[in-house]
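Next up: just one chain, as structure tokens, the form predicted alone.
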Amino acid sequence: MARITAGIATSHVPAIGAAIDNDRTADPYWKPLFDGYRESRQWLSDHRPDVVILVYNDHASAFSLDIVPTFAVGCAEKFAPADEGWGPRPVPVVEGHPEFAAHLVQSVIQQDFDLTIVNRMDVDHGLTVPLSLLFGQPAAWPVRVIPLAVNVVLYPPPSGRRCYQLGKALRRAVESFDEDLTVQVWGTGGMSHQLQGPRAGLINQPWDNAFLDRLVEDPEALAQVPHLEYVREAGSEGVELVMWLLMRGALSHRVRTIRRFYHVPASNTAVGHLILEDLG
């Protein structure tokens, strides 16, 4: 039986990828952020899964505004880094797990969640920056990855409650797969940030840290937070945090916090990071 061993949450700021790609991780501005992931990389080296289900949002790379699925699962064998306007990131091609992905899709759809099946797509910084933060710059990514894209770009995005319940359905799907696989679920995006308008540059540290507390201790209540609170307290892009609830829903109620890290700023974004071990 496949089993989920841990969940990881992390921001996926594009400027982080640029800092890595341009060898600027030791710059005074960036060093504190990358130092904050050093222990996580060591932990992940010692607890490497077979597969990562990586929850992220596409930034008009795989999907244009013509077609925007609410939830989409990548079922291909490979996913190339996307060209986001300045060329693809110089990172390895992402290796998928088509058999496992097909099983997840079938199981979750039969639990009455409508998923879009994607058999060919490129993946942008939303997916590759978390991999870089936690695996560095390898010649090949050391795990297979199933991309799970969530629409938090075009209104209306799914609610935190919907994402949390999808996480629960995803756990049931994982545990019904016959192959002996260790699986981690990663939720990415956030934390508080706004990229435009009079509040551009907004960062709300107290709200962010309260979100981290509640994600660990009371995710059921956190899942009830309405979109309006995310926008008001965490900025227009803060709604990305519903993807962390999808990760948390895939874990059991009992978790142990292995790593917690919070840093501001990275570009104009607050960066948050958690590793939660699933205690079953």
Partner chain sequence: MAIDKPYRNIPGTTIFDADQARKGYHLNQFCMSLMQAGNRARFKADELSYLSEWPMSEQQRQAVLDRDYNRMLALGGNIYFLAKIFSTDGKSFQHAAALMTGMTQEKYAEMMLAGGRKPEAGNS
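Just so we're clear, the structure is a prediction, and the values are computed from it rather than from any experiment. Numbering follows the first chain given and starts at 1.
There is another form of this protein, the form predicted together with its partner chain, and it is not shown here; the text below is about that form.
Q: Tell me whether Asp213, Ile258 and Arg260, taken together, all sit within 4.5 Å of its partner chain in the predicted complex, counting heavy atoms only.
A: So, no: the whole triplet misses its partner chain.
Q: From the list Ile109, Ala102, Leu195, Val93, which entry has a heavy atom within 4.5 Å of its partner chain in the predicted complex?
A: For this set of options, the contacting one is Leu195.
Q: Could you work out which of Pro142, Gly201, Gly136, Pro98 is the residue within 4.5 angstroms of its partner chain in the predicted complex, going by heavy atoms?
A: Of the candidates Pro142, Gly201, Gly136, Pro98, Gly201 is the one lying within 4.5 Å of its partner chain in the predicted complex.
Q: Quick one: find which of 84 to 92, 69 to 77, 112 to 120, 161 to 169 has residues within 4.5 Å of its partner chain in the predicted complex by heavy atom distance.
A: Among the candidates, contact is made by 84 to 92.
Q: Is there a non-hydrogen atom of Gln42 within 4.5 angstroms of a non-hydrogen atom of its partner chain in the predicted complex?
A: Residue-level check for Gln42: no, no contact with its partner chain.
Q: State yes or no: in the predicted complex, is some non-hydrogen atom of Ser176 no more than 4.5 angstroms from a non-hydrogen atom of its partner chain?
A: No, Ser176 stays farther than 4.5 Å from its partner chain in the predicted complex.
Q: Flag Ser236 as yes or no: does it have a non-hydrogen atom within 4.5 angstroms of any non-hydrogen atom of its partner chain in the predicted complex?
A: Residue-level check for Ser236: yes, a contact with its partner chain.
Q: Evaluate Ala18 for contact with its partner chain in the predicted complex, applying a 4.5 angstroms cut-off between non-hydrogen atoms, and reply yes or no.
A: Because no heavy atom of Ala18 falls inside 4.5 Å of its partner chain in the predicted complex, the answer is no.
Q: From first to last in sequence, which residues of 225 to 253 have any non-hydrogen atom within 4.5 angstroms of its partner chain in the predicted complex?
A: Residues within 4.5 Å: Leu228, Val231, Arg232, Ser236, Glu237, Glu240.
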